[in-house]
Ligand SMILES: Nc1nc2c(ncn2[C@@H]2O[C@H](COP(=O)(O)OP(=O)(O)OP(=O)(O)O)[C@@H](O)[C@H]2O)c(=O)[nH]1
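Single chain ahead, written as structure tokens, the form predicted alone.
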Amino acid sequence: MPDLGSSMRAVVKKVVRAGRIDARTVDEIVKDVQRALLQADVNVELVMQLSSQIRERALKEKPPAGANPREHVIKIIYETLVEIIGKGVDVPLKEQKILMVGLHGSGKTTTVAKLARFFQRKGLKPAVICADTYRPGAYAQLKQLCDQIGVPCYGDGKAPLKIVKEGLKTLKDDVIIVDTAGRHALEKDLIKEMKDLVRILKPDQKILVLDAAIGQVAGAQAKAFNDAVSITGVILTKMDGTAKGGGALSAVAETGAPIAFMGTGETPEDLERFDPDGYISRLLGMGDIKSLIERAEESLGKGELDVKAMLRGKFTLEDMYKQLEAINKLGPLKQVMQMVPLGMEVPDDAYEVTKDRLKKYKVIMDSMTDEELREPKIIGSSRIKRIAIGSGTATEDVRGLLKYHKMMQTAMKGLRGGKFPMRKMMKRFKI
């Protein structure tokens, strides 16, 4: 089953390629949007409401000055999708206490470590208290994750309330994050425990962790937790690997619980602020430059990645290794490229950049002349043989490097507009 992003990018492509925007075309587009949202487990009633809005606006509204009908329809789709998920919530970057709650299997423990790492990257000093005494090995798992990122973790197997009391006396860090036991259901004794923890901790934030794959069940769970402790925000995990994320997004939004963060991978770095505009822009292939620049500022040294040059489509062979090495520090290449407004699909092969391949590429490029690095077009068979001998690699490896560069160069050309000048459209509509 296709994920929501690939389905919605297909819709955008259909709009772009449409000869004209008439009633028949709008109906086809609306049906495609409905299909994409329903496959992603978005609530049926909400899908009908949103598709009705798209149809009505697309047929009745006139495009603003300087925009064509196709661009206007894309803008309508964009704005309507943002309505699904409502406004996000910003967890402030200051001293605070955070209580984390959630179901068993939601990824709460790993999310606690990710959240600690998030504050650490922002220059604050986080610490974690493990108040989960029900799951065997919970403290050991959390401590191991915290040790990996250099964050203190307190917990010793005593009663949860006692652990939190003693942890608060022991830890003097900027941000205190308390992990609690996962719940199969909201049993009365666990509800009482959560309320007691709130009373003792007096948290500034009460965050619910939800697995995006649970779909529309997320709505009932969010409401139940909210009724118990008045949650202030939600973190959706596994947003990188589920086709059902739309259910959690829409259901959580319907409860009025704002989404604070998204978990997008397995490493401690894979947590990012939830920005509705940026998320929908990414879904539609418009990219999310704000998040890309924020991630670059956090992860890279000054001058390691020239984002502006990247957005101009600059991608010579000479630049390629430096760019890919920097991008590697930002996280999986697929995530990074989704933040860039390409207006086209990047081949899956382009994402398979391992450290071993980068190392081999560096060795190969060290055997090239400055002219070859600047103008790879001049590299013919004889030069390939010379480069292979000089680098101690096979000619197939050199050809593979050149093929990879050409593929990435083609993808980067989308940054300059290509057949679909997405960036110009975004600027025109202030998206």
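Keep in mind it's a predicted model, so treat the numbers as computed, not measured. Start at 1 and count along the sequence shown; that's the residue number.
Below, we refer to the form predicted in complex with the ligand, which is not included among the displayed structures.
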Report task. Scan 221, 281, 237, 250 and let me know which has any heavy atom within 4.5 Å of the ligand in the model of the complex. Result -> 237
Query raised in the report: Of 216, 120, 264, 96, which residue is found within 4.5 angstroms of the ligand in the model of the complex when only non-hydrogen atoms are counted?
Result: 264
Query raised in the report: Are all three residues 108, 132 and 182 in contact with the ligand in the model of the complex, where contact means a non-hydrogen atom within 4.5 Å?
Result: yes
**Report entry** Proximity of residue 357 to the ligand in the model of the complex, heavy atoms at 4.5 Å
**Finding:** no
Query raised in the report: Taking 4.5 angstroms as the cut-off for heavy atoms, does residue 141 touch the ligand in the model of the complex?
Result: yes
Report task. Spell out, yes or no, whether the shortest heavy atom distance between residue 104 and the ligand in the model of the complex is within 4.5 Å. Result -> yes
Query raised in the report: With a 4.5 Å heavy atom cut-off, would you call residue 114 a contact of the ligand in the model of the complex?
Result: yes
Report task. Considering the ligand in the model of the complex, find the one stretch among 120 to 128, 198 to 206, 96 to 104, 223 to 231 with heavy atoms no farther than 4.5 Å from it. Result -> 96 to 104
